[in-house]
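Coming up is one lone chain in structure tokens, specifically the form predicted alone.
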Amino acid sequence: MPESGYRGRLAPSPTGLLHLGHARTFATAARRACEQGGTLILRNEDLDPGRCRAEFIDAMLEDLRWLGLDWREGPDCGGPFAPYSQSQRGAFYRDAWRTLRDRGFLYPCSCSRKELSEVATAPNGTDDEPVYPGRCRSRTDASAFQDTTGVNWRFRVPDGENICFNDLRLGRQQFQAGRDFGDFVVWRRDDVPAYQLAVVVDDARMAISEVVRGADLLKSTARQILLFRALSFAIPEFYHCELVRDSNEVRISKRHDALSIRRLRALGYTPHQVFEDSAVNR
């Protein structure tokens, strides 16, 4: 099939073993890329040095191959947008941080976790980032910082603006900045770029045309659209998959070791059976 301009991606994070929820999302991403005659990219999102482990990277690659998924670019096979591991892409993230700082979108935040826990608004729905109360929002000394270290760097959201996008599975989505989510961290005080910034930079630089991921990241999509705009990047399309839940209706996570792909393989499951199990809520 002739290759189209469609570029999709698999973007696992090696902080644990892949599970049934990953199988559903990655199978959907692979199917959509195949249907479009496009290119599928594997990106290793090993951004957090405190949580990502080499053995999980090896297991991730092995489990994805066992599932029968095939990608044309990735950390194991290279490609025109290498490197494909986030731990090796720090220069791209720093360039983006500098652009956002110089354009006035960021401010340094020195609030401690304890201070935030005392005053922050609780997160809504499945989102786990509290709405920031704005204690450091009036700071104007961003230009005095020549590097990223020592503080959290927050993106100042346009309060009251409705961030709308059309999800290719769920239809029109809308979140209000300042109400549904607040000023969010793009660079952590331990000098690690945050998820929101890293995925936007990578999706743009790798020319991703459609992002397929779980519905728990819908609100993150609104945040990321603001970053795409602020960095003058083209915004991809989005397709958010239904979440896989266990028998108690709890969303499957990496804590569900019994439902990890590695565990199911050991029990004698075939890839087809894993995909069947991931296609329905347990």
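Remember, it's a predicted structure, so these values are computed and weren't measured experimentally. Start at 1 with the first residue shown and count on from there.
One more form of this protein, predicted in complex with glutamic acid, exists but is not displayed; see below.
- Looking at 212-220, 65-73, 49-57, 30-38, the stretch with residues near glutamic acid in the predicted complex, meaning non-hydrogen atoms within 4.5 angstroms, turns out to be 212-220.
- Glutamic acid is not shown here, and in the predicted complex it never comes within 4.5 Å of any heavy atom of Ile208.
- At the 4.5 Å threshold, heavy atoms of Ala11 reach glutamic acid in the predicted complex.
- The shortest heavy atom separation between Leu100 and glutamic acid in the predicted complex exceeds 4.5 Å.
- In the predicted complex, at least one heavy atom of Val199 sits within 4.5 Å of a heavy atom of glutamic acid.
- Out of the listed residues Tyr84, Tyr195, Phe175, Phe184, Tyr195 is the one that sits within 4.5 Å of glutamic acid in the predicted complex by at least one heavy atom.
- Residues of 27-45 placing a heavy atom within 4.5 Å of glutamic acid in the predicted complex: Glu45 alone.
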